[in-house]
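Heads up, the chain below is alone and in the form predicted on its own; it's given as structure tokens.
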Amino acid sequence: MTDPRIERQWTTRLRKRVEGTFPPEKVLPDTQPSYVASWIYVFGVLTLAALVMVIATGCALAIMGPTWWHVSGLGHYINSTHLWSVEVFFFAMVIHLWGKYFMAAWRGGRSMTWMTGAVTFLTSIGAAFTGYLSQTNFDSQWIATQAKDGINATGAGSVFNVLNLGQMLMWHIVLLPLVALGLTAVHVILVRKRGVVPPFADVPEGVVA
């Protein structure tokens, strides 16, 4: 028999709650509904794949510093890969966002899934903006000087100084990526919990791909 004292432990109760909410067959499913074969469902995974490349190339740039890519052929290649990974990331995420909007992806108790995805998109815009400000070239200087007046007009310039390279770099490589990755993790967990949203058209039950 199970010891009642063990059943009352917070670790036991937490484990049982997690097991009930996220059974293995939901976390790592063997099959998916047939409608997932549609191309619109591909862009969510493509967004995640591009995010992995963004983080990997960003880590390489962070190791060598923000000016390394100006004087190194390898650095220039990694910086270019980082840039194009970001381009693919936003391209796929915008299609994913609009696709889910027109599918009303908040149906079936998926409102938090939708909200975390939307907030992740907004956070990523901030990460991209601070990335442009961290290029240490004329482009970054021009963007910073053009943006400062608008940001200062809102009063945010007192804590978010776009002319401060060190501050923008830290926002770009630490704060905003942590928020984006945390939201992405929650988003994926919610997708696993609720499942992918079905299309509006009736789909035969039990058909898997």
Partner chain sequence: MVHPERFAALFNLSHPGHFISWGVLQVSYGNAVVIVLMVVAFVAALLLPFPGHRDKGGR
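Numbering follows the first chain given and starts at 1. Values in this document were obtained by computation on a predicted structure and should not be read as measured data.
Keep in mind the form predicted in complex with the partner chain is missing from the figure; the text below concerns it.
> With the cut-off set at 4.5 Å between non-hydrogen atoms, does V42 touch the partner chain in the predicted complex?
Judged by the heavy-atom cut-off of 4.5 Å, V42 is in contact with the partner chain in the predicted complex.
> Although the partner isn't part of this model, could you tell me whether A37 comes within 4.5 Å of the partner chain in the predicted complex, counting any heavy atom of the residue?
Yes, A37 is a contact residue.
> Can I95 be called a contact residue for the partner chain in the predicted complex at 4.5 Å between heavy atoms?
So I95 counts as contacting the partner chain.
> Can you check whether G126 is within 4.5 Å of the partner chain in the predicted complex, heavy atom basis?
G126: no contact with the partner chain in the predicted complex.
> Can all three of F91, G99 and F102 be found with a heavy atom no more than 4.5 Å from the partner chain in the predicted complex?
Yes, because F91, G99 and F102 each have a heavy atom that approaches the partner chain to within 4.5 Å in the predicted complex.
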